[in-house]
Each structure stands twice: as structure tokens, then as C-alpha cells.
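Coming up is one lone chain in C-alpha cells, specifically the form predicted alone.
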């Protein structure tokens, strides 16, 4: 099935996945439409990163069928851009921003090769799109966390990826940098209609741009529109702790811890019965 001539970004039919003889999750059946912005949520160890590894062809399912952008998953698919968790921590001290993005376009196991004028222009365009052109010649180790994340996203999109997978892109960023990265993702989606999937522990910063969510609950992945997922009962079950959902006068949603001590619970019960 296609949408506007584009195949679904991701299709799972009856998928199960195991590691070391242990089933991570099973009965995965859902479709991510092209152009969606999807939060991937669930408790630690639920298998969120595993979903990305399946899409990237790095891990085979135990059972079921997967399609990515209308074809079976395969390693090195240039139609997918991927930013793994803690990606910049393993880069070392010397690599420049421009070189990192160039590796996303031309690199391989033999490292950088000479680039053409067209390729250099493509790298500049990716850096410009994420607001990183001004510090393109600096080393990654010299940058702030937010700047590093921008460059990592530039590498992921430099080859005009149709599907962008980001694993915890907001981790270890302060509030301002989180907001800037979320705005960047919103801009990329608006400008290119790229499908974006984001693993996150905290939905709040991402809620302005999310259209859908995949949530890993009771050993199974589920998919729904974001408004159907941001529900107190579901999130409380998902995380195993009380979660409240607040809707502002402007219609915006955000989640919060919903713990109440027994005195407050009794007061709330009296008010509810008044």
C-alpha cells in the first residue's frame, strides 16, 4: 500500500525478535505512514533501539515480515539516515564537523576519499539545513552538545534520506538545546516531508512535532496517533508509575508525574464526590 505514490516508511507484520535466546518483543504488527513524525517510547530494556536495528537490517526478526520504504531491510541503505545514541562520544578528538558529514556521503571503511565540487556543495547544504555551517571547520570535540547533535543530523540527511531514525537525540541536552533540536526536526519535516522516528524517554519536548507514537507495552509494540497515546491510563501502565496528562487552554499537551500522597488522594476523592 502506498500513500500519495510513496510506500509506507515501515511495515511490520507479526514480527518477533529475540536476543540470546530471550524474546525481546513479539506480535509486532503496524504501519508507519510516509511523512509521519513518530515517537518511540517504552521503559528501559523494552526494545526501542531493537526496532531501529531491525529497520536498518542489522538484526533479523525471529518471525514475521518487515518492509522499510517498500523493500526488505538491508544494511547500508542510503535511503535511511541514522543517529545512534551517544554517537559523538566515540568520535575522538580530531574529526572536524565537515569531515564527519562528508563521511555520511562518501565514506566507508577506508575513510575519506577526494570529493567533487558537487559533493562538497551537498555537504554544505546539509550543514546549512541544520544551522551548522558557521562551525563546519571546527572539531566535533570543541562543540556543545546541541551543536554536536546538529552535525550528527546533518550527516544523517546529507544523502537526502527518506527515513530519519534518531535514538535519544535529546539526551544530555539542556532545555534550550532540546527545544532547538526539536525545532530543527520540525523544519526538516516541513521542508522535505521526511519520515522521522525518535526514541525518547521524555515525550514533552517532542510533543509539538509528533504525529504518531510506537509504544512497547507488555512485550508487544503498538502504534497509534499521538493524541491516542498521550493518555494517563496508558502512560501510567507503560511506565509503571503514575503519569498525568495536562491540556493547556491553547490545546497543547504535556505529561507530568502524577504522584499523590494519601491525604491528597482523600481530598481529591471528597472533591470528586462533592
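If you're wondering where the values come from, they're calculated on a predicted model, not measured in any experiment. Positions refer to the first chain, counted from 1.
In what follows, reference is made to the form predicted in complex with a small molecule, a form of this protein that is not presented.
The closest heavy atom approach of residue 201 to the small molecule in the model of the complex falls within 4.5 Å.
Contact check for residue 46: a heavy atom falls within 4.5 Å of the small molecule in the model of the complex. Residue contact check for residue 24: one or more of its heavy atoms lie within 4.5 Å of the small molecule in the model of the complex. Taking non-hydrogen atoms only, residue 162 never approaches the small molecule to within 4.5 angstroms in the model of the complex. Among 106, 172, 85, 141, the residue placing a heavy atom within 4.5 Å of the small molecule in the model of the complex is 85. Note on the interface: of 203 to 211, 237 to 245, 218 to 226, 49 to 57, the segment with non-hydrogen atoms within 4.5 angstroms of the small molecule in the model of the complex is 49 to 57.
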